[in-house]
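Below sits a lone chain in structure tokens, taken as the form predicted on its own.
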């Protein structure tokens, strides 16, 4: 049964993905497009161009951190829906440290900026988990409210407290940008162009793939090893599986939940740093939103597997880069790809639930057969 279960668990997402492509094809037919041609264009655009591959990895980088943040919370039985607000606060603190600390070498300044981002995420995760543990407030409600507070707070700091009033006018615009001061060069995350050139890979300059991508990979591997090889990882899985049993076994469930949720917040604080330090170089009112909510889908599709988060994030990056290609070459609206993403999420979630139901049913049947055989043997 174990072999069959693993085979089903591997097959379910693939079959769900094929079903989602079929449903997406129906939507494409409805708007007068050839599904096969659209999908072929997407694959060619994504896989035959070096700038597309780099863009896919760049687009997947924030989703890796976001998916890991949500997955860590899920592992301990907590639903951290506040990654969105946590990464905004992380980006705010990182930006403040990035433009205000002058005279530091890059090997000190850049790590301080990254740590400031993680600290911001942890601070914004602290109140919801304390309310959860001390007052029983559900983390979904409190983190949703904290998201709205984070948006308003960051907007206030950008437009009032730290508004850059000494910036140069952007060519073609009659008014300055609504943003905080630019980060110092010592606070910027370098791109991977130089490293890739030593490997003979000439990545186009307009692709901003940076070192946060390999950092995300390393963090995912470290979290996987921690979950399955370290005592703390065992405590996380035990608390997430059955808090009462974990408490009986001597595990401090409240302390474990607190530390896991703060770890989730720290990971969330890294979500926006690839864009902030590697691309924009400043925090403004148009800073990218939505990574936190997409991270929930990434974690769910990866079934809270730390290594699975990497593949799922790259899948979303593939779809988003492909959306640009089919929009440009096939005239397919961007909304169609958003629909496809939603169908993929629903299909895989349903497929996983069906597999779980089937496995539980088979296990019950096997237990009944064993009991029947033992009774027959006893007679």
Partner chain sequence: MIGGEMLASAIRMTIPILLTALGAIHAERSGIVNIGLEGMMIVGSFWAAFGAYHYGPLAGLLFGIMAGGALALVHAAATVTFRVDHIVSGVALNIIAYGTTRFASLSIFDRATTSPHVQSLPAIDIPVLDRLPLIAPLASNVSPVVILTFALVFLTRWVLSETTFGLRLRAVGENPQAADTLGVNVFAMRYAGVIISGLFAGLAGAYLAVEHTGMYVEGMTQGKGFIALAAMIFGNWGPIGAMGASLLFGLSEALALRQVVEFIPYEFFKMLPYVLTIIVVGGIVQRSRPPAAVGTSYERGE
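Residue numbers count along the first chain shown, from 1. What you see is a predicted model; the values in this text were computed from it and never measured. The term rigid core refers to the most C-alpha atoms you can superpose between the two forms while keeping them within 1.5 Å.
The following text describes the form predicted in complex with its partner chain, which does not appear among the structures shown.
Only one of 103-111, 205-213, 182-190, 291-299 lies within 4.5 Å of its partner chain in the model of the complex by heavy atoms, and it is 291-299.
When its partner chain is considered in the model of the complex, residue 178 lies well away from it, no heavy atom lying within 4.5 Å. Although the partner is absent here, residue 342 is a contact residue: one of its heavy atoms lies within 4.5 angstroms of its partner chain in the model of the complex.
Within 4.5 Å of any heavy atom of its partner chain in the model of the complex lies no heavy atom of residue 311.
Contact between residue 163 and its partner chain in the model of the complex is not found at the 4.5 Å heavy atom cutoff.
Within 4.5 Å of its partner chain in the model of the complex, a heavy atom is found for all three of 136, 145 and 357. For the candidate set 149, 115, 219, 258, a heavy atom within 4.5 Å of its partner chain in the model of the complex is found for exactly one residue, namely 149.
Comment: its partner chain is not present in this chain, but in the model of the complex one of 167, 159, 305, 254 has a heavy atom within 4.5 Å of it, namely 159.
Positional change of residue 337 between the shown form and the other one reaches 2 Å or more at the C-alpha, relative to the superposed core. The rigid-core alignment places the CA of residue 28 2 Å or more apart between the shown form and the other one. In a rigid-core overlay of the protein, residue 347 has its C-alpha displaced by at least 2 Å between the shown form and the other one.
In comparison with the shown form, the Cα-Cα distance of residue 144 and residue 337 decreases by at least 3 angstroms in the model of the complex. The pair residue 242 and residue 361 separates in the model of the complex: their C-alpha atoms are at least 3 Å more distant from each other than in the form depicted.
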